[in-house]
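Read the single chain below, which is given as structure tokens and is the form predicted on its own.
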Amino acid sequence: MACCSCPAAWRSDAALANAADVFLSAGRTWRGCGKAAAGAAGMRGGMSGDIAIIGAGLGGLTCALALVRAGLRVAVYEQAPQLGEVGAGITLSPNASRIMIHLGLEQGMRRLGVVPPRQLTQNLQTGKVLVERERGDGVEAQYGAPYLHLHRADLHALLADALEAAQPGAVRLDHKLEAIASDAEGVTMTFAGGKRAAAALAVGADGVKSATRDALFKTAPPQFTGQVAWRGVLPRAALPPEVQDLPPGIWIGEKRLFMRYPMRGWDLVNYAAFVNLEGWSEEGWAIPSTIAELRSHYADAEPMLLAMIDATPPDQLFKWALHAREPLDSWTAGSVTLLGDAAHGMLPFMGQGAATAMEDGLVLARCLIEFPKAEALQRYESARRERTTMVQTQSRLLGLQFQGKDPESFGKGPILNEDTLGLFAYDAVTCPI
């Protein structure tokens, strides 16, 4: 079954469960790289003309840096007045870290990242270890690239600084997209304040609430998934010794999930807590929260989890609603395409949102380097659509397993996760396009 036929990644739990059964019965793992467009790959005198990238997130910067390193010129339009990445911790699994290695950023990535030896999945109420997974040298030996935790701002700065060194002034700040027109010849863009720009091609890398997608594609607005997330960052030294010694991991329970991992040389701990809630109405990516509010959702949790909440500095605790969108019939409109959350926003339960955006960015850059514009866009979408739709669907399914009524049953039957699906084996550097 082609994963493109899967239902929306956030809507029908019953349909999603059926999709999981199909994967299990077929014994599938995801080690392919998508379907290359018809025709032999090879250098054909690729993209000519300037390329605009709308959004300076991780996927947009990855694409921009790969293009500039190949001699193409880009302009990255970012709506924020200064560069910075909303959020705290991020995981780079081997399918993403090998992209950083390819871009020449291995040394900085390893310096800024933490390689955890293992990862636990535990019962939220009792602390009982349900599943333990290798996350250290064994993963790198198997996949040829490391599994790391980083501060998102550090990873973002590493990519942004490399792009600035390769093409000074490539990022244009304070450019909020208000209108965009696209045909086969090129793209015109209008930004807040009346600023205008034109390009031969534009890439919408502007997130799940993408203005590019809304302007050019027939699409419903982002829908609340029923999940509300909290994130906190705290000094590891502020925790009791027994909590400091916990390896990275996930506590799971009915309608709840709490993940934790280290950053910046084990000096900081990042956590993300997810609660299935109805009736959310607040807007924003970083709404201040309180210890008491988060604690109220985890009142029955084991003491180590509660100690982590209690040690959080009050100004380092934020909440936001998780939104998702249905897959599009096509990512291409004239001379515009999409990548990352703008194309396939997904829930975070596999930790693959940033990784798939970076994969998109590199595969798109490779297509634009090797092929003329129209063919490049066709090949990019053919190479990426099946994988990203599958990850959207399976992330939602894994969240349902994590937040099920009986956490003690987790791990006793088949689990479709980033390990068993073979997601780490994907190589955006060499996959067919």
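The shown structure was predicted, so the numbers you read here are calculated from the model rather than taken from an experiment. Don't overthink the numbering: it's just position in the shown sequence, from 1.
One more form of this protein should be noted, the form predicted in complex with a small molecule, which is absent from this view; the next part is about it.
- Every member of the trio R152, F274 and W285 reaches the small molecule in the predicted bound form with some non-hydrogen atom inside 4.5 Å.
- Stretch 317 to 325 is the answer when you ask which of 122 to 130, 105 to 113, 317 to 325, 216 to 224 has residues with heavy atoms within 4.5 Å of the small molecule in the predicted bound form.
- In the predicted bound form, none of the heavy atoms of C63 sits within 4.5 Å of a heavy atom of the small molecule.
- Within this chain, Y261 lines the site of the small molecule in the predicted bound form, having a heavy atom no more than 4.5 Å away.
- Interface residue remark: L177 is counted as part of the site for the small molecule in the predicted bound form, having a heavy atom within 4.5 Å.
- By the criterion of a heavy atom within 4.5 Å, G232 is excluded from the residues contacting the small molecule in the predicted bound form.
- When you look in the predicted bound form, the only residue of G334, P146, G351, P248 with a non-hydrogen atom within 4.5 Å of the small molecule is G351.
- Just one of A365, A383, A56, A376 comes within 4.5 Å of the small molecule in the predicted bound form, counting any heavy atom, and that one is A56.
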